[in-house]
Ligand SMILES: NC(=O)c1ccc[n+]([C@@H]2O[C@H](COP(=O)([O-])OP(=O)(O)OC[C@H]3O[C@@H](n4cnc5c(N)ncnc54)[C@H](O)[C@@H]3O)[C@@H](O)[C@H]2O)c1
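Next up: a single chain in structure tokens, the form predicted on its own.
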């Protein structure tokens, strides 16, 4: 499907791996120049690989999303290299690295960095990119949430709370930016086959005696069977396909929405 995104610059925060990388590749496949902004020191090399594969202009830049000055400078660098940014996707997130059940298995200090990346990082992104987009009265934001922010997941309380806050900010930003023809949505994955899921596993089983720890494959299979009606992983490409669709004119009336790509994990009625 031609989503008519060719030539429309997309900036992907967290674009060097997982869902962010799949999203950058999906935009590039549509002919969109892409900027990968990530803490990974190899981000420039990864961006160039996408450019070589799809024949689009790219930029890779190391980014500390918790620093507003860094995000603001990156936004200016993207526009200087690739042109006006039309689409901004923020997929950057971290977990506490510890299991919940109950929340006091964590310390208050375990919350700080998670909230800085997942909430303040998105706020920094919105501030850094929205000003120029308002002037042009065109654009989209997509923030990556999680089903954990909808259901009070105990798996990692700081992560769940951060994603819940992000859902609310998405709605606020969508209302603020709608008069400027800028759409803002949040997409919520479920069980996605990424390195982040492996870190969730490690945090959950760390308290178990080694002899009682299931393997990662056993843990994931049991969780999928128990929670996912479609009974399969979501892959990063499943998420990226919806992100790119929401950026396109085919979703031109969709803003302020929370969209799940979760295999049916969370159903509202």
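In this text the structure is predicted, and so the values were computed from the model without any measurement. Residue numbers count along the first chain shown, from 1.
In what follows, reference is made to the form predicted in complex with this ligand, a form of this protein that is not presented.
A.B. asks: Quick one: find which of 141-149, 177-185, 128-136, 72-80 has residues within 4.5 Å of this ligand in the model of the complex by heavy atom distance.
C.D. replies: Flagged stretch: 141-149.
A.B. asks: Heavy atom within 4.5 Å of this ligand in the model of the complex: which of 160, 96, 91, 124?
C.D. replies: Result of the distance check: 91.
A.B. asks: Just one of 85, 106, 117, 164 has a heavy atom within 4.5 Å of this ligand in the model of the complex. Which one?
C.D. replies: Looking at 85, 106, 117, 164 one by one, just 117 meets the 4.5 Å heavy-atom criterion.
A.B. asks: Although this ligand is absent from this view, report whether residue 32 comes within 4.5 Å of it in the model of the complex, heavy atoms only.
C.D. replies: Outside the cut-off, so no.
A.B. asks: Would you please decide whether residue 194 lies within 4.5 angstroms of this ligand in the model of the complex, comparing each non-hydrogen atom pair?
C.D. replies: Within the cut-off, so yes.
A.B. asks: Using 4.5 Å between non-hydrogen atoms, is residue 19 touching this ligand in the model of the complex?
C.D. replies: Yes, contact at 4.5 Å.
A.B. asks: Might residue 39 be said to contact this ligand in the model of the complex, defining contact as any heavy atom within 4.5 Å?
C.D. replies: Judged by the heavy-atom cut-off of 4.5 Å, residue 39 is in contact with this ligand in the model of the complex.
A.B. asks: Only counting heavy atoms and a 4.5 Å limit, does any residue of 211-245 reach this ligand in the model of the complex, and if so which ones?
C.D. replies: Nothing in this stretch is in contact.
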